[in-house]
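The data below hold one chain only, encoded as structure tokens and taken in the form predicted alone.
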Amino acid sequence: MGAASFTGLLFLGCGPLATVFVLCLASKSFLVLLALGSAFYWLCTLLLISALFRAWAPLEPSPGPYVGLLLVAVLIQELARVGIWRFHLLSCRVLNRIAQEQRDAPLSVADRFGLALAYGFSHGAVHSAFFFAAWLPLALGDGTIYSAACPQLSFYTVGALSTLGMAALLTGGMVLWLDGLERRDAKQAALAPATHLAAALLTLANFANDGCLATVPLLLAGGAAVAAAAGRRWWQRTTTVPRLAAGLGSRQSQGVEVAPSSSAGDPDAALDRGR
């Protein structure tokens, strides 16, 4: 296909995730280090999964054997997500302790979302590198590859678009998951593993005739929906405090006595007490 096609596919599959890194993470050195450390953690997790199934490779090209593989792979990744949660709690405590010693403000809600985004970015980036960028150099050769089950789209195009959808789903899902656990919202926290499992099993439809014509749009739609939900939650949570502060200030300026409430003015303090 050549260098032009290789570059286009690379930007299609990984470009949006790289944009998130540049706009939201690259300006903060701690988030960059956190994303790198988390990426190594997810890389070890995926290497463990591949090592477990190495004895059965190659699998029969049918949905049956891949169902078990996907179920185990998603289960291991979701168990690994618990490790991210525990490290997130530890890092928040340490950072708040450092801020207190330096007489600085504790972590804000926006700071916590930034940490969650770093974890989610690393999961999506490692997944993209492991399942897409690793074999993309094959596109530099002559010609292209088509699947017999879905000759309408090339193998590389399906891989790039599927990677784009999964990266958005994993990144946004991590943000929703950590925020849901902090607020003890079980429904929101369950959204991340549920959508991860659904997206993984959805890829089995690629074995069916013309299956990629359904799986690719659905993966893109699912990733966009989860990412939009995470962005919406981020916006709601980070704009609540200024609105409350503005409302309290207005009432005090009118001579209305307002009882102090630590949970209303400082949601981070409420989260710390909840833990």
Partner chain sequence: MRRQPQSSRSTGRATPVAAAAAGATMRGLLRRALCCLAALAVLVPAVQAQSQITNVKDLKAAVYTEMTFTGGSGGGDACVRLLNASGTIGCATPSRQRVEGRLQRLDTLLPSPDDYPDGTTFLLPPALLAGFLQQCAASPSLASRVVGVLVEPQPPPSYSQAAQAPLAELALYADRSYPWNPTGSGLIGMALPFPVFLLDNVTTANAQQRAAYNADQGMNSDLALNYARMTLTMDATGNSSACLDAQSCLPLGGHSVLATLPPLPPPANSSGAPAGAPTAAAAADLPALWVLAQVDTAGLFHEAAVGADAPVSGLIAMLAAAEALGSGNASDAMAAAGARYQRRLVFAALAGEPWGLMGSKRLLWELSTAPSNSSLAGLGLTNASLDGVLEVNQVGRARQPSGTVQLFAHGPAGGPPADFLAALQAAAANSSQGGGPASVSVAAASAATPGLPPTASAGSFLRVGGPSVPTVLLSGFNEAFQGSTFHTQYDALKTIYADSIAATAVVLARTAHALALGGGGAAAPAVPLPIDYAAVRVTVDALMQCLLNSTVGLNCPLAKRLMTPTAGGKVSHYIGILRTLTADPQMPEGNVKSDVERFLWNFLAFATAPTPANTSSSSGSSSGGGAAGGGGGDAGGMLRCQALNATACPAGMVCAGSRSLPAPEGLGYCLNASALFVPSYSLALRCDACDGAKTLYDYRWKAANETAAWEQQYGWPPDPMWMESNWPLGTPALTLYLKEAPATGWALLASGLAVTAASIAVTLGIQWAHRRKLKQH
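Quick caveat: nothing in here was measured; it's all calculated off a predicted structure. Numbering follows the first chain given and starts at 1.
Below, we turn to the form predicted in complex with the partner chain, even though it does not appear here.
Contact residue in the predicted complex, chosen from Leu90, Ala134, Ile98, Ala105 - any heavy atom within 4.5 Å of the partner chain: Contact with the partner chain in the predicted complex is made by Ala134 alone.
Leu164, Ala116, Leu181, Leu191 - the one with a heavy atom within 4.5 Å of the partner chain in the predicted complex: None of the others qualify; the residue that does is Leu164.
Pro217, Ala225 and Ala230 each touching the partner chain in the predicted complex (heavy atom, 4.5 Å): Heavy-atom distance to the partner chain in the predicted complex: none of the three under 4.5 Å.
is_contact(Phe40, the partner chain) in the predicted complex, heavy atom dist at most 4.5 Å: No, Phe40 stays farther than 4.5 Å from the partner chain in the predicted complex.
Non-hydrogen atom contact Gly83 with the partner chain in the predicted complex at 4.5 angstroms: Result no; Gly83 lies far from the partner chain in the predicted complex.
Distance check, Pro61 to the partner chain in the predicted complex, heavy atom within 4.5 Å: Yes, contact at 4.5 Å.
Touches the partner chain in the predicted complex: Ala26 (any heavy atom, 4.5 Å): Ala26: no, not in contact with the partner chain in the predicted complex.
Those residues of 18-56 which, in the predicted complex, come within 4.5 Å of the partner chain by heavy atom: Heavy-atom contacts to the partner chain in the predicted complex: Thr19, Leu23, Cys24, Leu46, Ile49, Ser50, Phe53, Arg54.
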